[in-house]
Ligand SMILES: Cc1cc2nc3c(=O)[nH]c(=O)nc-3n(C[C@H](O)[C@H](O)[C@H](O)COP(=O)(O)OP(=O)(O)OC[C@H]3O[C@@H](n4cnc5c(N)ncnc54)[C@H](O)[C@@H]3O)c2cc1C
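Next up is one chain by itself, shown in structure tokens, the form predicted on its own.
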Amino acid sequence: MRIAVVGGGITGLAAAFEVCDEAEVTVYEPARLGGKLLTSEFAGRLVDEGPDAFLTRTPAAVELATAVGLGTDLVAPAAGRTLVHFAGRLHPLPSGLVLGAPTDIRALATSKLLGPLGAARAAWDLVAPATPVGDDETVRDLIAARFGPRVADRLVEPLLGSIHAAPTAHLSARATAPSLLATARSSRSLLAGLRKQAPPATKSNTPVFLAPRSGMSSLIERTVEQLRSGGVSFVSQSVRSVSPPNSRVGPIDVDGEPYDGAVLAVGAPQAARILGKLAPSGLSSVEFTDVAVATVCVSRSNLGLPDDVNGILVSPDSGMLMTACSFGSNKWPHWSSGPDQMVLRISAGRSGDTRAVNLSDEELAETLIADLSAALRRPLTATQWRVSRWPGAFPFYRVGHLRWVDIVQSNLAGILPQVALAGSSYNGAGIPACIASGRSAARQVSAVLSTTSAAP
């Protein structure tokens, strides 16, 4: 059984990992393996340029890291307090939030971020009549209906909107906050429903985030090492087309090479180009947002913030180019390059905002440092900086996205069952979601081929 994996990011590598013991696998990737997972030297330390951690609530990333020998290298962030920049001031995020939705009314009541009226409106969720909730709706509509606009705009928007680089007024709740949507549909009070599901902090010893101490690139390197030792081949070229077999059980054609099946672990528009006339309707229409990260080194004493602060989220109302700032040396002490040096990662990029694209690297770094200086109300000077740009980093999951995914995958299965789609365009943009997507797609292709070969 020969399987082609098109795309050598974490999704494609996970797909290859899933079936390398049972198939002859070839991975096609014209660029660097690993995609957005990249660790490089900065200020004398290895610092991630893309994602610097993965969520643990879904196990796919932890499982892969453990399988490739990184289990003992995984560390949790050392700092856990996040601030929100709103109306020109920094406010601590209240405790007890689930994707920005509150579970602790007392924490809201003492937060200056919402004010008394905002906290009172959020508390009304506990006694308010049930709100009709459909199969899918926007995150903002879901939250504002139960907790009011202040929770939606001052808590959920900076948090979830920043994660997806898109406004929550257009984000699909089913695709980006399924737990909130499911709870809203099953509980009269969203707050009470979330509170029942949240495990007591004293009983949960599992960190929310983990990362390899040696950087996210080590996950790629270890996975590639295992794949090569397992006989997986890597071809440094783009795939132009995938063509159907000449007969019901014949091989498919991948740029002139015969394969029994293939996983297209690339963005939906690229998959549409590869499939050509066979591409399901709408596959090329998925929207993406460009983002950039300026990594800077500044004097720790100039920041004036405690060591337990891991970062700042920025409300879109601020008008800043900066969408968030991660205090890297607080989160990951092994990133510190000296007793008074702090490594920061300042992010830019929201759907519809093209300012970062139109700035040079130097202009972008200067603008983001100026934004952070304004948020902290103190001038900062970077001793070192670098800019990492990630075009098309985040897919925009609009309402109805997952229904569309089901239709696309069903249509492709009816036309070309030996080929499966995987990656962030479909069922999740985080590292665990991409790994799970790749492995699931590989299992799907393997199952189809096994069924076909067993047929008389």
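Numbering starts at 1 and runs along the sequence shown. Since the structure is predicted, the reported quantities are computational estimates derived from the model, not experimental observations.
One more form of this protein exists, namely the form predicted together with this ligand; it is left out here, but the text below deals with it.
- With a 4.5 Å cutoff on heavy atoms, His401 does not count as touching this ligand in the model of the complex; it lies far away.
- Using a 4.5 angstroms limit between non-hydrogen atoms, Leu70 is distant from this ligand in the model of the complex.
- Taking the partner from elsewhere, Ile407 is found to have every heavy atom lying beyond 4.5 Å of this ligand in the model of the complex.
- Contact annotation: Thr39 falls outside 4.5 Å of this ligand in the model of the complex, judged by heavy atom distances.
- In summary, among the residues Leu74, Ala324, Leu275, Val291, the only one with a non-hydrogen atom within 4.5 Å of this ligand in the model of the complex is Val291.
- Contact with this ligand in the model of the complex, defined as a heavy atom within 4.5 Å, is made by all three of Phe54, Val266 and Cys434.
- Partner proximity in the model of the complex, defined as non-hydrogen atoms within 4.5 angstroms of this ligand, places exactly one of 39-47, 62-70, 413-421, 25-33 at the interface: 25-33.
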